Every structure is written in C-alpha cells, then in structure tokens.
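The data below hold one chain only, encoded as structure tokens and taken in the form predicted alone.
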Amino acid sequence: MNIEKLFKTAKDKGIEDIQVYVSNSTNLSIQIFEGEVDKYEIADSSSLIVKGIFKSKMGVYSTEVMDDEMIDEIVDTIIASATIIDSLDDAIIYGGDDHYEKVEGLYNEELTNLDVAKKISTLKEMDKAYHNYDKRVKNVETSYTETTNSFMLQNSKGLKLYNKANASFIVSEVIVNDGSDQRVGFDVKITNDFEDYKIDEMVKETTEEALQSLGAQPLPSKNYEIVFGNIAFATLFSAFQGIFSAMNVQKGLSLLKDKLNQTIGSELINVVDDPLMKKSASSRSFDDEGVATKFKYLIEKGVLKTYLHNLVTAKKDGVKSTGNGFGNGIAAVNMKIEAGETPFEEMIKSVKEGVYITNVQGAHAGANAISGDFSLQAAGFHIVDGKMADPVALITVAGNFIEMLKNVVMVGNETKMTYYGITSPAVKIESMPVSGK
C-alpha cells in the first residue's frame, strides 16, 4: 500500500493525524507422534491497523488487505468510527522518542534458513531417545514451532519504525506407565539458536521427572515449606500478570491499586520487563503506539516500582508511557523474575519438611486478581530432612499472592523461559497451607 497516498487522502478529508501499523508473522509447526510426522504446517499472516484522529476522536480500521484501492474506504471508515465513538479517553498519535534501542541477535537468520529436514530429524531423534530411555515410556509426542514476527509503524508526525525477531520452541510430552499408575512428563525449550537444543538432556530431565512421579499420593493437610519449580512458579505468576497493568489499576481491577512504592514482596524478589531479551520472538524496541520500549523494574527488592502504561493511562497518571501499549490494552513484553543466588540443590537441602511443586493447574480459574487469593491443584515431591522423598499428587496449594511474595526466603540462581511469556527461577516460600488427605 502507498502509505504517502493514504496520509494525503486522510489529510484532505480532515483527519488531523494518522498512523499505520503493519504486522507480519510466519509460523512453522511440526509435530511428531510415535515416530511419524503427524503435522507439518507453514502459516503466514499479515494485518494492517490504521488509526486516525478526526475532530479529537480516534477512529480505527483493521484489515488484511493492503491494496491502494482500499485507501478511500479506510479513511472514510476512520472518520465514521471517530464520529460515533463515545470514549472519554484522549486520542493520541505519538510523535516518537529521541532514542530506540537496537540489539543484535533478536533475529537469527540461521534459524530461519536451517533446512526443515534437520528440524524434523531432530524431533524424530528425540522421539526415539524417549522410547529407548525406559520400557515404562508408552507414548511420546514432540513438536517444533518457529515464529518470525516483524512490525512496521509509520505516522503523519514523521515517525517510522521497524522491528524483526524470531524464536522457536520444542515441546515434548511423555506418558509413562508401570502397570499400576500412569504419569505425564512435559517440558518446553525456547530459543532462537538451534544449537541450544540438547536432546539427551531434555529427554532425561522430562522422563526422569515422569518416572519418579509414578505412585504419587496426596499428603496430609497442613502447612509446609514450599519450593516452586521454575515452570510451576511461572504458571502461578502468569495468572497475576494483569495486576501490573495501569489500565486495570485505574479501573480498580488490580490488587496493586494504591501500592506504588510500597513493599509487596521479600527483598529477594525482583521482577522486570525486559523487552530486548535475546532468543524471544516477542522482543521489540517499540510498542504498538510507537513508544520506545525499555528495561524496567516492576518490583525491585520487594518494592513495587511502576505500573505498565500505554499513552492513555500514562496521561491520566501524569507519567510517561512505559512502552507497553499493545493492541487495545497493556502487556509486558518479556516478564522475568530475576535469578537469585541459591543453587536448587541447596534450596532443597534447606527444607525440613515441605513440598517441591513441579506443576500447578487451574491458575487462571483459581486466582483472583483483585484480592490476590489463589487455590490451585498441584503435584510434585515430598521433601523430608533436605531430601526428595515420595511423589505427591492431588494436593491443593492456597494462599495470597502478595503474602506469598513477602514469604519468599530463597530464589534460585537459574531461570527458565516458559510457555507463558514469563522467565522464572525456582523459589522457596517459608510456609504455605496444603490440602491433601
């Protein structure tokens, strides 16, 4: 589409400012089930979002068709939608920032150019390794997904930006059965460097955890010391991502309302939004509104340092946008709980009696973003005198999000990027109630 022609047409018809946002995404999906290719799919998608200010109101037009013949329809629709809009929010087209970070390595061309046959053979090799690992392995499913995202933003105020990033992830699920019990092992590895996939290590870790979980039983109900594994803690944290949104805070839908610069966690807790984190396809140097993204602490040494803002919420609060305006809302780019200093083995050794939680379920259904209360089904391992004991399942761990953060006594020294867009270490909680038998 001829963007200059679009801008001229818009100006001629009385639109004060206009902005185009073009996103392109390419996805490769491969799935192996029991040694055979079960799915192979390449999908491309593109979208054009045009925003324009007409008589101080914002009109919006979205389409996947980018022909010049659409220009008049786009402009007329923006005017029509701006005329009927009843939002009290300010209509803002952003003029841009003085500096936008550029980080090498967000897009790895070698990953894109790597022969698909290599990617398929790696999955098949993984499938075979699972089946050869132990006779109790009964079913295996592995999948590979590769995503390339590119974004272009241009507006009538002279701002023109471009960003491109890619990443891939291998998901593996293994079912083990010893004749009397059946358990599932699951893991995901995310990177944009194919050399990071260490098949033998991934197979061993996932299968051993599943095998060790055979025969799992609930524990007696009482308070236990709790060690959340990195995936389990990221899953729980994901249910509360929205509490950092200034939009939710302003609407009274966040438990963090009126808590800015207050202590909401242990001094060991540091939570950041790292928009330029390498090996993440989400990484980018600007948000959908053209605001420069930046590394920022949401929680620093237990203190709530900022909410996440877009242009509208920032103006309401009299602050600068944090560069987190995406779509019609607010989101972190790459939320990360920073690593601490404690090796995982030391964390386990420190527990007199507790539970190492490897998996939680129902995080979004069992969590309340306003009160902070949660109650989730969990599984893992009993810890007795600093050693892993029997496997545990069908237990419920409950608490309050802020109280849990305040009771963090150890943070692991290794992090893992997870399915939920959250990178997390293992975390030890001083005590939490567990319901079992």
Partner chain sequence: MLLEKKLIENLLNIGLSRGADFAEVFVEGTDSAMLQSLSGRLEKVNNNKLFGVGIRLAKKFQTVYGYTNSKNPEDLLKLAEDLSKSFNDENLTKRTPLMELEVGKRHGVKIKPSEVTLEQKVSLIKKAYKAASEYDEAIKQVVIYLNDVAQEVLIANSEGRFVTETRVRVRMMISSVAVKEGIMQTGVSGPGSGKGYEYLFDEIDIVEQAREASKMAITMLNAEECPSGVIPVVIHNGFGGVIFHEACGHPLEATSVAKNASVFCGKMGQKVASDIVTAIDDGTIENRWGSANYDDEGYPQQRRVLIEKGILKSYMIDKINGRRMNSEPTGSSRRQSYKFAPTSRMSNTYIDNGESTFEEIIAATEYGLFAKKLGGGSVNPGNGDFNFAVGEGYMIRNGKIAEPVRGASLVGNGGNILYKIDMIANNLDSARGMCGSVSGSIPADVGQPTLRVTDITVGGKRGA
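Positions refer to the first chain, counted from 1. Superpose the two forms; the largest set of C-alphas matching within 1.5 Å is the rigid core. All values reported here derive from a predicted model rather than from experimental measurement.
Note that the form predicted in complex with the partner chain isn't included here; everything after this is about it.
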Legend entry - the partner chain contact in the model of the complex: residue 362, any heavy atom under 4.5 Å: yes
Legend entry - Contact label in the model of the complex: residue 141 to the partner chain, heavy atom within 4.5 Å: yes
Inset, instruction - With heavy atoms only and a cut-off of 4.5 Å, decide whether residue 54 touches the partner chain in the model of the complex. - result: no
Inset, instruction - Consider residue 39 of the chain shown here, and say whether it contacts the partner chain in the model of the complex, taking contact as heavy atoms within 4.5 Å. - result: yes
Legend entry - Among 191 to 199, 230 to 238, 78 to 86, 347 to 355, the region lying within 4.5 Å of the partner chain in the model of the complex by heavy atom distance: 78 to 86
Legend entry - Contact residue in the model of the complex, from 260, 214, 175, 103 (heavy atom within 4.5 Å of the partner chain): 175
Inset, instruction - Give a yes or no on whether every one of 129, 343 and 386 sits within 4.5 angstroms of the partner chain in the model of the complex by heavy atom. - result: no
Inset, instruction - Quick one: name the residues from 420 to 437 with any non-hydrogen atom within 4.5 angstroms of the partner chain in the model of the complex. - result: 433, 435, 436, 437
Legend entry - Large Cα shift (2 Å or above) at residue 398 between the shown form and the other one, core-fitted: no
Inset, instruction - For residue 61, state whether the C-alpha moves by 2 Å or more between the shown form and the other one after rigid core superposition. - result: yes
Legend entry - CA of residue 50, rigid core aligned, shift of 2 Å or more between the shown form and the other one: yes
